[in-house]
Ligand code: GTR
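The chain below stands alone and is given in structure tokens; this is the form predicted on its own.
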């Protein structure tokens, strides 16, 4: 669902009012000064890859933990994997499908996560893998009729008499965003799970998710301003999915691509920043709080996102709602945390709410960190024309269309991954 549509359920704004309040005029963006990427907190200039790796990177990620996404807990020592189903002729024989239930043995109040994994049968070597979360659940990603419907209550789901429970009309509802056969035929595995298994996406959803389970005070927790939000929980879950994939002999976990769309694009960026095991990070129309520069007054703003979706971030982020210039970070710094690993940003010309130009600028400006490693970023400072992908280690495209993930997007992601994974 487009973020603007979600506003209808979370505020008194109508769709038209929410759209009108945003600025879509480049002439009204105004001037702003971004925090410097390559100046350390002690005032010294960062001029080498070693300085970035040993000093500045840790400072930047610490600032995002303190001011935007919150501090996530370390990996726990009680992660358990249970294979609950295997089918060796999935997708008409193209793939082996596996379901894996992830739980925390010392935190039984968390119901766990159901990972769905498709691995290409034609591949003789371990497969590289796309790792991402879905909005609608495994049954929404796949059209296969034997993929179980998610049994959990799914807030926001509207499918007739079943209310908040998944039913047959929702099967395959996200299949266009997850072209499984296309990816399998290119030799890639796909690992996905429902993001609500980690935390249901509403302000009180944490009580039924990881954050309550991992807090000593459970549902009675009083969150501190720098504690993790839902994006932190979803990103933590992506890393736990990768923990499992490292144990599966059919998977080449050294070539894992973390991917996400919209709020899950923000999540993918944060997961890729924190977990350097992800070889490539892909952000699809992640917008405000994701790839777009917060200081640019265009589309969604810090004020709007922290009003509508306060649970996504740490409490400190709301302090910058009326003055994003006071925030010690901006999103070009988040993009830079992927360096020297490759990263891709995608925008759509029919999605001004996500500020496509601001998304490009973040990638382009972050390129100075890749340059420290002798690598090229976007390769241009000019916002490219529609449907003309650019970039080396920082890929970018602006495509025609609306807020969605399309076959065109996936074609660029496959090209990007294959280029960087080539021997």
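Residue numbers count along the first chain shown, from 1. Predicted model only: the values in this text are computed from it and were never measured.
Omitted here: the form predicted together with the ligand. The next part is about that form.
Only one of 278, 317, 178, 353 comes within 4.5 Å of the ligand in the predicted complex through a heavy atom, and that residue is 353. Distance criterion of 4.5 Å from any heavy atom to the ligand in the predicted complex singles out 263 from the list 139, 263, 295, 332.
For the three residues 282, 370 and 375, a heavy atom within 4.5 Å of the ligand turns up in the predicted complex in no case. Residues placing heavy atoms within 4.5 Å of the ligand in the predicted complex fall in a single listed stretch, namely 299 to 307, out of 299 to 307, 125 to 133, 185 to 193, 332 to 340. The ligand in the predicted complex is approached by residue 312, whose closest heavy atom lies within 4.5 angstroms of it. Along 390 to 412, a non-hydrogen atom within 4.5 Å of the ligand in the predicted complex is carried only by 403.
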